[in-house]
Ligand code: PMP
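For reference, the chain that follows is the form predicted alone, supplied as structure tokens.
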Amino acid sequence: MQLSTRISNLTGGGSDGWDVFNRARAMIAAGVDVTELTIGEHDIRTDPTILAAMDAAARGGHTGYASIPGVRPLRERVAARLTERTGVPTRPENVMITPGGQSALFAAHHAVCDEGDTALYIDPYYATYPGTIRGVGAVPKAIRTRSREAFQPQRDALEAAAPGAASLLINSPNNPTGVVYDRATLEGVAAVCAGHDLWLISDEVYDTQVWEGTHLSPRALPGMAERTLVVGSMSKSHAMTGSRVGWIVGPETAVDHLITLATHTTYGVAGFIQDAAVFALDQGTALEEKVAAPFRRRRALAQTVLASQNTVVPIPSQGAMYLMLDIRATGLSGEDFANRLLDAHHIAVMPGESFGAAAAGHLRVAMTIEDMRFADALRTLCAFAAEQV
């Protein structure tokens, strides 16, 4: 018996690039003390007040099938949030609640790509992007950015890739680079989408983690609301990664069809989790800033550590919970460096190659452990890099 080609080739027939992470987890299971700077998982848990709201909703009986588009109060809160933050009038009918941001990415590509369509995305990229595209039967096509340009997508590269494509996926603030796309970049993105009749899928799950500059949703640019699907999530903004609650915001007609898709796939999100998300959003920006504060502090610590050496070159970290470090001066690939660092010092980082060819010779470091331990690990990484030169 054969499995489908689609599911057998989600990773393109090769590794998904997470070998170092898997090695680190195996070492931990064997009792080795490993400093993990790999995945974007908060070192704080979901706020107890959110958990209390979730518990109250569950015990109050909201455990049956919930409304598939999302409960009305949550769709209203998300619509109000987007209206306030972007200036684009947004109604509940523009919103569908999803089981996390990953589900939203999958659904969004289903909405705009037919079998065999080309779907564009930016390299470096979050590791699941090409597999998500393959999963809907589309053909992923990466647009490479350059370290020396802070991994901002350039309009000429977008123009070269766009003919014949159906969609473009972007992510700002960006995982893995920590870069926030500036207005000029996003205006270039918008012009290419309009000029080539592309749908834009904008992954904005890190919109509450901006350290420099301003997050601009491309949906707010002229003519873009009608061709943009925005992906959002409670995972990063409210440390609710395991709760699996996110959303898609877009034109009402698209959302209507996405609701039909959800009826045949996920069948919605648990009601008591949605009630907890309503409670969390009702707390306003104070709770979001509390969740983001550790990463802001650790970024400042990292800047101090990195300024004291000249082997590791940081990409300007403007947002999200990651640092992207250029270690090409060592002569090692990101994968080789990460494996050697894990063996020598039991520090686990993600090789840049896990996120695409454009990040080869780089590392992604998650700022997800206690401040002083994080600073010590970064010092060790830099000293180790200097030893390789």
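In case it trips you up, residue 1 is the first one in the sequence shown, and so on. Since the model is a prediction, treat every value here as computed from it, not as a measurement.
The same protein also has a form predicted together with the named molecule, omitted here; what follows describes it.
Though the named molecule is absent from this view, in the predicted complex it lies within 4.5 Å of a heavy atom of just one residue from Pro130, Gly319, Gly100, Gly268, which is Gly100. A single residue from the set Leu168, Ala280, Val78, Leu105 has any heavy atom within 4.5 angstroms of the named molecule in the predicted complex; that residue is Leu105.
The partner is not drawn, yet in the predicted complex one stretch among 198 to 206, 113 to 121, 284 to 292, 311 to 319 has residues with heavy atoms inside 4.5 Å of the named molecule: 198 to 206. Although the partner is absent here, Phe272 is not a contact residue: none of its heavy atoms lies within 4.5 angstroms of the named molecule in the predicted complex. At the 4.5 Å threshold, heavy atoms of Arg244 reach the named molecule in the predicted complex.
In the predicted complex, at least one heavy atom of Tyr126 sits within 4.5 Å of a heavy atom of the named molecule.
The shortest heavy atom separation between Arg299 and the named molecule in the predicted complex exceeds 4.5 Å. Residues of 247 to 274 that come within 4.5 Å of the named molecule in the predicted complex, judged by any heavy atom, do not exist; none qualify.
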